[in-house]
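Below sits a lone chain in structure tokens, taken as the form predicted on its own.
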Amino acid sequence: MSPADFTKRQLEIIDSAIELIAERGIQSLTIKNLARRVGVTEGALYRHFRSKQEILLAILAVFGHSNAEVFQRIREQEASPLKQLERVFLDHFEQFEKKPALAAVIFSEEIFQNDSLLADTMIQVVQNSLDEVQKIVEAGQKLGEIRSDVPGEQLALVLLGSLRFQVVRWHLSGYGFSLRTAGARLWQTLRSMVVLDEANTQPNEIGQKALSL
């Protein structure tokens, strides 16, 4: 589902739920607390969402759609695979810096681990991102732009894992540094690891042993 599938009031409820979880944890997300925050009765809230689970699924739907839009926009640009990967990083860091509460929710394993439907939905969102990054990486490998001595899927995992860790570190620090600035530095480091040049055209002996494990 996209934001267009929700009413204005539903989107307000989704935003309030994200803020509530970010501020006070998932245990604070109750219909009573959320209704008070939105300024409606519990009965009125139930007319928009039938349960707490439905609200969390709506959060994932909005995030998943936003994520898909990022990749769609990048695909439509006439840019090299390396430039596309850079945009993936910078656009995601910008997205989370604009909505820091969203990072607190999306990267909280506690929220999803005890509900199989939520967990499966989150896994699908993550897998979609992984598939998109892998496609970009493999396109770069075919062009000789990205190192091909490591499988595209593994490079995609490293890239997205690094992105996730940077966002989590930023959140745990109390948003104590510029995510976009730190993210840009991280991208430059990762770029030097994946780009194909004389320094990494052939994996060194240690790298070969690691890849064989």
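These numbers come from a predicted model, not from an experiment. Residues carry their position along the shown sequence, with the first being 1.
Not pictured, yet referred to below: the form predicted in complex with the DNA.
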{"property": "Stretch in contact, per heavy atom within 4.5 angstroms of the DNA in the predicted bound form, of 32 to 40, 149 to 157, 165 to 173, 63 to 71", "result": "32 to 40"}
{"property": "Exercise: residue 9 in contact with the DNA in the predicted bound form, heavy atom 4.5 Å", "result": "yes"}
{"property": "Contact label in the predicted bound form: residue 44 to the DNA, heavy atom within 4.5 Å", "result": "yes"}
{"property": "4.5 Å heavy atom contact, residue 180 and the DNA in the predicted bound form", "result": "no"}
{"property": "Heavy atom of residue 188 within 4.5 Å of the DNA in the predicted bound form", "result": "no"}
{"property": "Residues of 57 to 94 having any heavy atom within 4.5 Å of the DNA in the predicted bound form, listed in sequence order", "result": "none"}
